[in-house]
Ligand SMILES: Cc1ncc(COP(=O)(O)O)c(C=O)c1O
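What follows is one chain in C-alpha cells, specifically the form predicted alone.
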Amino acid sequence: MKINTKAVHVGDRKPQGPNVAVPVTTPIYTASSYAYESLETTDKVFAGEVDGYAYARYDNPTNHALDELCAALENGHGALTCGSGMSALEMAIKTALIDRRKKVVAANALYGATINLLLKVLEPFGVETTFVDICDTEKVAAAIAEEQPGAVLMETVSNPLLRVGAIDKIAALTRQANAALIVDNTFTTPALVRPLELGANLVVHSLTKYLAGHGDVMGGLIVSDEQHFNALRTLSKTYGPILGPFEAYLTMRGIKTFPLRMERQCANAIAVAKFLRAHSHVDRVYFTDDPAHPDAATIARLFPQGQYGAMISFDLKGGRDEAFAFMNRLKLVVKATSLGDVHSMMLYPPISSHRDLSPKQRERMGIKDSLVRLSVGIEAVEDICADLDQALRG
C-alpha cells in the first residue's frame, strides 16, 4: 500500500461487531479508565494477554489508531505518540539505553533543545554524550569504536544547516557495536525517507510539524522496530507521556493530507531556493537540491528523485541587525518558531531554535548571525517569492 493510501485509511473504521455502525473516522475517546463485565477480562487486559484498554495513561482507542497509522507510515513494528517531540526523543533515548551502556554518540549538528536534553537533562543522570561529525562516516566509526555507546543519535537532515548523514552506513556500524540508532526524521517525514528501512531502530518525529501540519497540535512520535517496542511500551506505562485524545484526533486528521502537502511544499522549496540563489541580497543558500551540497551523493541515494524536503536556510548579506530588519518586513511569511505548517514560516536560529547555545557553540556549528531558516508552505510560490523579495530589498 502506498503512503498516500496509508495516510487516508490506516487506523480508522475498526469493526464493532455485526450490524453495528462504524464511524468513518476514529472518534475522540475521553475516558480515563475502561471497565469490563468480568474481572477475569480486566486481568487479561492488564497482563497483555488480550487486546483492550484499561487506563488512559497506557493507551486509549484514539491514540491507538494514531499509533497504528504512524507505524504504518514509517513501516515500523509499533509506535508511541507523546505530548511533544522532545518528550518522544527522551523516551527513545531511554528505551535504547535501558539495557545498554549509558553512552550516546550524537551528531554535532542538532536542534538546540536536543543538545540541551543530552547535556543538561540526561548527563546529570549519568548519560555521557560524545559529539561527532555525523556526515563523516569514518569519524562516526572511530567514535563508536572508542566510546562503545549504547545509542547513536542523528537527524535525517540537520537543523538548521541541512546536512545529511548516511543513515544506512551508520546503521551498519551501530549494529556491529550492538548499539541502537535513533533518527529524528521530522524534517523529511516518511514521505521522503524511512530510516527504519535503512537499518535504524527508533525513529522520532515532532508531530507538531509536517505530520499534523496545521499549527494547531503539540505532539511527538516514536516509531520502533520489533526489538525495542516492548521496552518502549513498558517505559511509557510508567512515565505516562502519551498524547491526549483531542490532539491525537487532530493529528490523525492532519496526516490524511500530509503526503499531498509534502509534494507541494517540496516543489515550492525548489523554486524558492532557486529564487534566493539569484538574489543580490542573499549571501548563501543551504538546501538539499544543490549539486554542490557536501552530502549530495548521500542525498541522491536516500531521497526520492526531485524531492528534497521543504526547509531552506540562508545567510543574508549582513548580521543580526539586517536579519531582524529583513524578518520584520515580511508580510506573508509567518515569523514564528516552528516548521512544517501549511503556511510558510521563518525563524532566526540564534534567538529561537539554538538560543540556549553559546555564541561559540553556534559558531562551531556554522550558525552565523546572518542565518535565517525558512519552512516553505503550500501557498502559491509566486506569492512566497514576492514577499521574500520585498523584505530583502527593504
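Since we're looking at a predicted model, the values are computed, not measured. Residue numbers run from 1 along the displayed sequence.
What comes next is about the form predicted together with the ligand, which is not displayed.
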Legend entry - Option touching the ligand, based on a heavy atom within 4.5 Å in the predicted complex, out of I299, M218, A72, C135: M218
Legend entry - Heavy atom within 4.5 Å of the ligand in the predicted complex - the one residue of K94, H281, K102, K209 that qualifies: K209
Legend entry - One stretch from 271 to 279, 168 to 176, 145 to 153, 80 to 88 that, in the predicted complex, holds residues within 4.5 Å of the ligand by heavy atom: 80 to 88
Legend entry - Distance check, F187 to the ligand in the predicted complex, heavy atom within 4.5 Å: yes
Legend entry - the ligand contact in the predicted complex: N159, any heavy atom under 4.5 Å: yes
Inset, instruction - Answer for Y111 alone: is it within 4.5 Å of the ligand in the predicted complex, judged on heavy atom distances? - result: yes
Legend entry - Non-hydrogen atom contact L339 with the ligand in the predicted complex at 4.5 angstroms: yes
